[in-house]
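The chain below stands alone and is given in structure tokens; this is the form predicted alone.
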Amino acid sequence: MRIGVIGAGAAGLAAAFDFARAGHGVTVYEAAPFAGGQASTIEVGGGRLELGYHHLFTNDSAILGLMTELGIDGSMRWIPSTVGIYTDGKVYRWSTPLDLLRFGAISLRDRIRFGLLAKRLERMKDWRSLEGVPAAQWIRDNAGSSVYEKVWEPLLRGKFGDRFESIGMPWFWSKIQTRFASRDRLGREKLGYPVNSFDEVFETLVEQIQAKGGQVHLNTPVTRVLVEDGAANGLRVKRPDGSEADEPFDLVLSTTPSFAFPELVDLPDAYVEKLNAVEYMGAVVMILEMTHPLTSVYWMNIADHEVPFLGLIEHTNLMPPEMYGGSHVLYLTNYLERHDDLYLMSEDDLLEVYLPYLARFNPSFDRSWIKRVHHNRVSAAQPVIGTNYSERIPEHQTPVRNLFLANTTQIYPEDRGTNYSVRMGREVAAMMLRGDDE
């Protein structure tokens, strides 16, 4: 068969790898000039760095298994994580159970209650009973108002903006499950990172797809899914030279965001309603290459309404600065509505908003530490996972025969991420090859 794939991110390339390996003629079209989607990289100090911060957990079996199949699992490094939380004008360590006991922003009674609650969620394996419950309500009812107000309410609001009270409890449950699964018996977390960056995963996928007879075309957007008698039979693509061509395919897999998918193909109203029922938060990420580290922790959660960003991820507190020409790499991350002023700001204006707050984390910080700035916007960064979400997920098999969809809105109850995108891409590929209709 001839199979067309729209999008060269984790899901699209993982699916294309399996199509090619099964002996089918697969062609991947990517509108951007690079592969990797949200895990794509830039050059920093002679090394490669993701435009959006990335790491792996020890239970990320889908991408770890794929790396083994690709023969690049030897590049993985596992490093003890360091985590902090900023609240009430102070940075607290947030890496181990002992750190929780020292968390002075809440009473000792609430700290103990917090720890017991986290263990309860870790042991809870059936998330379905939580589907109808908002996370905010469940946390208030079970952890108390102090824990909610000092920790989870500002973090939920930072992640989902004004929609934070509608987020379903399974989303929160999955976060706790993931974090605990990557901890040892003493509660210490380990995170993984490929020393050649995630770019190695995507470059190797492209190489192996092509070695098996497939094709990957970058800078080549799809403008239309071609349909005849209710079945997809090809793609209209715009080549880098500006010309358009119609390419025939027996099966088509799209990995586009839900809001973009109806622009490519006419779909029944009921399916479009499902696509539109799940909204996305956008994201803005600023990367600062600096002469000095800002803090001593890798991941800093910001639980303070006054600070205009959600988190500080200091990548070179996980991997050595020598990988990036000696620069210390700091991500400033924010999840925002796509119409938000901060989302629409220029790099220079946004930097001016952010800079005054960095001294809160290190009083010695000086603007002269910044060597270079990178600015990245993502329009479909985070699906808004509401209550009873499973009822709203669009089917992978669309109402158009031979046309399938695989995007981050269909990852559930786990949160979207590279590992789960790989898993989904391969599962949908297997379904397509079997001829399943879900």
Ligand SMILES: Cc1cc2nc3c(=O)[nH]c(=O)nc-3n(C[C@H](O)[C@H](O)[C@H](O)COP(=O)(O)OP(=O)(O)OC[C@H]3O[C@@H](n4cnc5c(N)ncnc54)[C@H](O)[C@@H]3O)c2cc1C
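Bear in mind that the values here come from a model prediction, so they are computed numbers and not experimental data. The numbering used is simple: start at 1 and walk along the sequence shown.
Absent from the display: the form predicted together with this ligand. The rest refers to it.
**Student:** When this ligand is placed as it is in the predicted complex, which of 73-81, 114-122, 253-261, 129-137 ends up with heavy atoms within 4.5 Å of it?
**Tutor:** Of the options given, it is 253-261.
**Student:** Given that the partner is absent here, does residue 394 sit within 4.5 Å of this ligand in the predicted complex, heavy atoms only?
**Tutor:** Close contact is absent here: in the predicted complex, residue 394 is far from this ligand, nothing within 4.5 Å, heavy atoms only.
**Student:** Does any part of residue 38 reach within 4.5 Å of this ligand in the predicted complex? Heavy atoms only, please.
**Tutor:** Close contact exists here: in the predicted complex, residue 38 approaches this ligand to within 4.5 Å, heavy atoms only.
**Student:** Any chance residue 53 has a heavy atom within 4.5 Å of this ligand in the predicted complex?
**Tutor:** Output for residue 53 is yes: heavy atoms within 4.5 Å of this ligand.
**Student:** Though only this chain appears here, would residue 326 touch this ligand in the predicted complex if you measure heavy atom gaps against 4.5 Å?
**Tutor:** Outside the cut-off, so no.
**Student:** Report yes if all three of 1, 403 and 428 come within 4.5 Å of this ligand in the predicted complex by some heavy atom, otherwise no.
**Tutor:** The answer is no: none of the three residues contacts the partner (heavy atom, 4.5 Å cut-off).
**Student:** Going by heavy atom distances of 4.5 angstroms or less, which of 62, 384, 44, 381 would be at the interface with this ligand in the predicted complex?
**Tutor:** Of the candidates 62, 384, 44, 381, 381 is the one lying within 4.5 Å of this ligand in the predicted complex.
**Student:** 222, 85, 267, 287: which sits within 4.5 Å of this ligand in the predicted complex by any heavy atom?
**Tutor:** Only one listed residue qualifies here, and that residue is 222.
**Student:** Go through 321-360 residue by residue and record those having a heavy atom within 4.5 Å of this ligand in the predicted complex; state none if no residue qualifies.
**Tutor:** Counting only heavy atoms within 4.5 Å of this ligand in the predicted complex, the single contacting residue of 321-360 is 335.
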